[in-house]
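Okay, so here's just one chain, in structure tokens, the form predicted on its own.
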């Protein structure tokens, strides 16, 4: 079978996480992604957080599968010529440099568009146009500026950033969607365009329910599904809600059997209105089904803390997996708190290709995350990340460079 993006060639000027997340996803979907790196150095993450001396780090290998690596010194005249040849023959250029870096390299939108009017130039930046647009941004800064940190954590504690990389990887996913839209529009217009995904914007998009709650709070003065209710202790901004679900169905994280020694012996439990009678029967509180204090969702909002305390008495008698089996029989929404060790060893995630084992020439076998998007006509094969400059000769030969040309380029230090 052909791949969904077969025939699309991506010029990958990205590094660290936000950009590589985007280009790796496009590579998984079948695009030919050519990663341009500095000779002798490459992507900074090759050497960051190493667990094996002298070997590309997991940080790099897990973000750069299915790509080809070309080393190119664009400060050399012949290196600049090679780059312009690549621009002329690629469909998309993706970059996540600091603001103004592309222009300082002589790669303004106008120059790129002149070389290739069909080229799509896609960029990750920290902020969109405005007072902060020239600021450099990293993962946790994006989470803070996008509203995630201020609404995460418990009400009596400080703002907390998420373990999920919603700033970097979240923005990369948004950028990939923008690129696909621009590629589709090009089939009608014949023109390339600029695609911008600011990290602040991407985080806010993932926090939209909190912007919803801000408006509700301003109108009503309280948020009934938050743990602060019914005490009524609300300020002017959406507060931190602990483990509340953020939706219309109250939920909380509860201890399970073994919690004293296992930091992840917990389960997320949702008291969905449709299965409330089943919840009552499971925990042995059948009287709550008809009790006016508990019989309706609105009434239960006044008693969520004691309700979850009682449910927790039941969950603490079961392991999280035992509780899952029982609760699923009654269609009660729940989920185990899985550790990274449990996820890494989950046979079903291996079978689905969500967790993949890859062989690397210097690292050996290692686990990585597979493509989260499953296409029935375009199955993903996860290939190892490239060594630094591994495909330089191969790519340049495709551009028409001869063996003699490659020798001259090396002599100049361009590759």
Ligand code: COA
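Nothing here was measured: the structure is a model prediction, and the numbers come from that model. Positions refer to the first chain, counted from 1.
Another form, the form predicted together with coenzyme A, is not on view; read the next lines as being about it.
Q: Of the options 254, 176, 72, 148, which one has a non-hydrogen atom that comes within 4.5 Å of coenzyme A in the predicted complex?
A: Result of the distance check: 72.
Q: Which residue, 341, 219, 131, 104, is the contact with coenzyme A in the predicted complex, using a 4.5 Å heavy atom cutoff?
A: Answer to the contact question: 104.
Q: 244 to 252, 209 to 217, 131 to 139, 260 to 268: which one contacts coenzyme A in the predicted complex at 4.5 Å, heavy atom to heavy atom?
A: The contacting stretch here is 131 to 139.
Q: Does coenzyme A get within 4.5 angstroms of any non-hydrogen atom of residue 37 in the predicted complex?
A: Yes, contact at 4.5 Å.
Q: Answer yes if any heavy atom of residue 320 is within 4.5 Å of a heavy atom of coenzyme A in the predicted complex; otherwise answer no.
A: Although coenzyme A is absent here, residue 320 would stay clear of it in the predicted complex, with no heavy atoms inside 4.5 Å.
Q: Heavy atom to heavy atom, is residue 98 within 4.5 Å of coenzyme A in the predicted complex?
A: Contact check for residue 98: yes, within 4.5 Å of coenzyme A in the predicted complex.
Q: Looking in the predicted complex, any heavy atom of residue 170 within 4.5 Å of coenzyme A?
A: Residue-level check for residue 170: no, no contact with coenzyme A.
Q: With the partner left out here, which residues of 1 to 28 have a non-hydrogen atom within 4.5 Å of coenzyme A in the predicted complex?
A: Going through 1 to 28 in order - heavy atoms within 4.5 Å of coenzyme A in the predicted complex - the hits are 13, 15, 16, 17, 18.
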